[in-house]
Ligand code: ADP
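The chain that follows stands alone, in the form predicted alone, written as structure tokens.
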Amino acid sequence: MNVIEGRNLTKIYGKKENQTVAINHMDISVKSGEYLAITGASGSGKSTLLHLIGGLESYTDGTLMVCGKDLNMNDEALSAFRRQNIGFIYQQFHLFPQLTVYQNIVLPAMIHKNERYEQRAVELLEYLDLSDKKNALPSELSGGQQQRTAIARALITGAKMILADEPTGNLDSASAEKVKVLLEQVWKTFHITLIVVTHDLSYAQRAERRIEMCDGRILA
């Protein structure tokens, strides 16, 4: 079963002579539970594709089905869909500096009114080796610990899919390796679909499948 089905998918920024075609009539399919790496040079459309799949941006033309839903929906429905189905991990951790580790993790679940968030948060803190950092602020964490917090936040609502945009790009080599291994463990343990955008070809080779992008298209 495919969790992502995109046909003739197109994303254009700007108008007329100032147009930029970021995604160029792309067809893409991703199986449920697959671990996919997306590579390509800067400006090839990797992050734009991830944003389209995650419903963070709208597409200009074509069709896109994610988790059985057409993403051509209104903003309110799209926000609810994201909270229920998709977790995001970024190169910059995007943690709220004034909130503790625990508060950062549970925030999406509280918005979604998930009644099990407290129990799940405790389970994730333990699973990700963050229990002793529960009340710490992001400024008191290492880069690796901040990214583990971001991973827990992505998982708190029971997301079926994790979209990771350069998740190790802001880490030293030792911390990056730990995050790579952790994401692989998360993929296997929680039976999620994992899509990682990366410039690191050695990292991409660890995925089940790799696609390379150039000028908004998938290279054959």
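Note that the structure is predicted; figures quoted are calculated from it, not measured. All residue numbers refer to positions in the sequence shown, first residue = 1.
The same protein has a further form, the form predicted in complex with adenosine-5'-diphosphate (ADP), not shown here; the description that follows concerns it.
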Is there any non-hydrogen atom of K46 lying within 4.5 Å of adenosine-5'-diphosphate (ADP) in the predicted bound form? yes
Please determine whether Q205 contacts adenosine-5'-diphosphate (ADP) in the predicted bound form, using a 4.5 Å cut-off between heavy atoms. no
Hey, in the predicted bound form, is V196 touching adenosine-5'-diphosphate (ADP), heavy atoms inside 4.5 Å? no
Interface membership of T189, adenosine-5'-diphosphate (ADP) in the predicted bound form, 4.5 Å heavy atom rule: no
Non-hydrogen atom within 4.5 Å of adenosine-5'-diphosphate (ADP) in the predicted bound form for each of Y13, A22 and S42: yes
Counting only non-hydrogen atoms, which stretch in 28-36, 149-157, 64-72, 46-54 is within 4.5 Å of adenosine-5'-diphosphate (ADP) in the predicted bound form? 46-54
